[in-house]
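Shown next as structure tokens: one chain only, the form predicted alone.
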Amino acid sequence: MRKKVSIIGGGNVGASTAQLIVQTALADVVLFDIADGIPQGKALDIAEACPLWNSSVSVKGTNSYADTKDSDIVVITAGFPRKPNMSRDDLLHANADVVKTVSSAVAKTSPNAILIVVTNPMDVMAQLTWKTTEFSCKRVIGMGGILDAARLRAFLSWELNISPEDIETIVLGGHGDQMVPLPRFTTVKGIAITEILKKKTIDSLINRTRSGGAEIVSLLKSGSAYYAPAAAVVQMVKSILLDEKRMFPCAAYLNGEYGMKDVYLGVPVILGREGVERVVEVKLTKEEKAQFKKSCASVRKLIKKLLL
């Protein structure tokens, strides 16, 4: 039997995620949204492209959680997008209500699923999802670090005029302005960027990465990024479904790792068929530890507002 991935939220991120999964024939897809006709229309459009992609997986749009029953993976993108001059944190209470409703429904229909949370503020929404579903923390993962790392890789590739394929990086901490990119672990074919770029240039690229989502929101005027977030989700889905055990920066539950407890934060993890199979700890410098602690405090502040 083919694997089944359900995507909760038929907006731009959800629909783009559905398209990529179907196009690469990774799994059968169910696209759920509360708006009548939206998921059905988008799913039909994707299905009609399958002959052109030589893909034989199925894709279904629905307004019923019953159609998502027994999913292997559920991707939660439902919620309100950012508008200009809004931070991810401004969405806190509105999206918390959405995520709580979604999580409760998913826990009943797909009790064995692995959940990937995309809705912002993502780290807090991942923690809310974990609390609501009472799933093992290994099966609730937040998407953010992969996207932040991809943005930094893109900016570096333009600066260095080389392929982004040759660039690797790690971004720790919350998926927001307090994220912690690590220049000494950012390499071009194994060469640290600290060896080939000036600190001023690196700092400038890191600052652009931190405000990468806001930059897109300001350009779009309405809505937020979706192509890169969807691509990041699909990398996670693929690593889980195929048990690839790839290492990605994701929001995972920390229980002492990096000196933090009872909080979801972006750290390097190994993703396989069990979800987060382990958290990879790297030794941080004093400055990096301080930045990570500051990022954690920012996430905890939002968690406290939701009384989690």
Ligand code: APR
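In this text, residue numbers run from 1 along the sequence as written. It should be emphasised that the depicted structure is a prediction, and the values quoted were computed from it without experimental measurement.
Absent from the display: the form predicted in complex with the named molecule. The rest refers to it.
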- Message: So in the model of the complex, is the named molecule close enough to Ile34 to count as touching (4.5 Å, heavy atoms)?
- Response: yes
- Query: Hey, in the model of the complex, does Thr119 get a heavy atom within 4.5 angstroms of the named molecule?
  - Reply: yes
- Task: Although the named molecule is absent from this view, report whether Val102 comes within 4.5 Å of it in the model of the complex, heavy atoms only.
- Result: yes
- Val13 within 4.5 Å of the named molecule in the model of the complex, heavy atoms: yes
- Message: Going by heavy atom distances of 4.5 angstroms or less, which of Leu91, Leu205, Ile193, Met236 would be at the interface with the named molecule in the model of the complex?
- Response: Leu91
- Would you kindly say which of Ser224, Thr169, Thr209, Ser110 lies with a heavy atom within 4.5 Å of the named molecule in the model of the complex? Ser224
- Task: Choose from 78-86, 153-161, 132-140, 179-187 the stretch whose residues reach within 4.5 Å of the named molecule in the model of the complex, heavy atoms counted.
- Result: 78-86
